[in-house]
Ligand SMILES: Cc1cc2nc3c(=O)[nH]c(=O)nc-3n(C[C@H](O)[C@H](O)[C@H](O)COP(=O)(O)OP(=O)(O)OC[C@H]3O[C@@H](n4cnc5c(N)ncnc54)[C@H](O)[C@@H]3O)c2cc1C
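Quick heads-up: it's one chain on its own, the form predicted on its own, in structure tokens.
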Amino acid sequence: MEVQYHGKTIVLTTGTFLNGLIHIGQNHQSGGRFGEPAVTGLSASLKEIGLELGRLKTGTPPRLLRRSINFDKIEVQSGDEPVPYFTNWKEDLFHVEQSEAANNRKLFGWDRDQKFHVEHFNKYPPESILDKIGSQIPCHITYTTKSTAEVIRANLHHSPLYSGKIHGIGTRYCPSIEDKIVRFAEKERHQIFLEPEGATTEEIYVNGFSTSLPFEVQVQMVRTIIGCENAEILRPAYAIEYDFCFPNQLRPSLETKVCQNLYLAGQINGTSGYEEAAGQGLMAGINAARRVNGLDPVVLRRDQAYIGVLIDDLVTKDTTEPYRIFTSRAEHRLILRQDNADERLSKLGFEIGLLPKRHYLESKARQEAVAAEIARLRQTWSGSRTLAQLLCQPECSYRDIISTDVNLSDDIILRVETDIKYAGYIARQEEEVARLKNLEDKQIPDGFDYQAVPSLRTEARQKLLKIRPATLGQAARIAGVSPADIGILMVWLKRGSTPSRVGKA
């Protein structure tokens, strides 16, 4: 029986399920994830509407039984202290959404405000997941051995990667263990991270040990790792091939150019990694909802957020392998810091309805406190120099120059110290951002006919027609488009010339 779902906008987040093919040794089977079926008809539908698809590969390591590992033989990696939370509003970690609370109210003692309070923790057994909230579970570091390399080399002919069974392109930055052994043959050992899958599971994720070798070989390999001599595999490692859409077919809003109201996010856009998928899903969801409400899309700039760098790279540059976001990809990384994320994005989050007013006001108050303290340090003298000038010294910290107690939180103090110590570098980068802003703000109309613009080089015209950049700034980042080409486009746009033979892209 056919089931149809209808919506004004659609966000496709297919992961590795598009014609997914799982490889373990010479055996391969259709699947989107281990134990879950692949999606076999959607790729054809996407091609029918005009999208070009490619083929990529990724892999996953085995999962081990925690109690079968000898942790006494390996190095513990404890979490950071104090805990570096990903949010400024830590009290929300102890809240749940109303729908979840409705299901669990009787079991866990939710109050009428749907809040779960810390004092309830002692009512539940130690193994309760609620006991784990706010605590940190350590990871461990271990290493492969010479025996690991010997087992792998003896079984390379069973690897689908080396026997030609796998045709998809794999990620450059997360190679399989057999790739590491072949490429770095001179290394005697490779670092492995043993990471708990969660607070209430016995599964250990073997980070750095992805493979597609047969299961019986995986058992031999795992038991050559220090501390894993008697380890039991709960789930085998495998490689998976899947279809993806070349992301230069997307607008910066993540809407497809060939089909209005269809948005793509995650691995379908050629990315690899949880953070990359989450960032795209957030932006595609925001823009799909705004389209339904008749609002303009939200597009983050490269100087505004790493998500802006990620999406701009995807829609502007050719993707030939799974894409990962790194700080090195961001030219404005000095102002894309974790300590100023709320300053960069809280106002926008509040304006589009994703950040509660109380959180926005708290963020605003933090920014005002930082600005006030920086101003005070610049106006307060100690001998022949201001406190701000003293703080600029590499060996000097905020606590060193403040003799009296101040009523400022550690995160505000860190922000003050960072802004003062790096003020010159930050100002230089902000000047660069301002200089480039004219290009970023200059929109290129939909359907602009590059064929009608004289003097554009052939390569530039081909690239511009293929990607159809939304702004001059995006056009300037396309490989094959020179500063001279941008100058020509700028002249045409200043004239108000918008040749259009092709209509909307």
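When you see a residue number, it is the position in the sequence shown, counting from 1. In this text, all values refer to a predicted model and were calculated from it rather than measured experimentally.
FYI, the form predicted in complex with the named molecule isn't displayed, but the following is about it.
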query	finding
The named molecule in the predicted bound form reached by all of Gly285, Val299 and Glu440, non-hydrogen atom within 4.5 Å	no
4.5 angstroms heavy atom contact with the named molecule in the predicted bound form for Pro175	no
Contact flag, Phe86 vs the named molecule in the predicted bound form, heavy atom cut 4.5 Å	no
Contact test in the predicted bound form: Trp492 vs the named molecule, heavy atoms, 4.5 Å	no
Pro322 within 4.5 Å of the named molecule in the predicted bound form, heavy atoms	no
Heavy atom within 4.5 Å of the named molecule in the predicted bound form - the one residue of Ser210, Gln267, Thr142, Thr148 that qualifies	Gln267
Region of this chain that lies against the named molecule in the predicted bound form, out of 290-298, 271-279, 411-419, 345-353 [heavy atom, 4.5 Å]	271-279
Those residues of 15-41 which, in the predicted bound form, come within 4.5 Å of the named molecule by heavy atom	Gly15, Thr16, Phe17, Arg33, Glu36, Val39
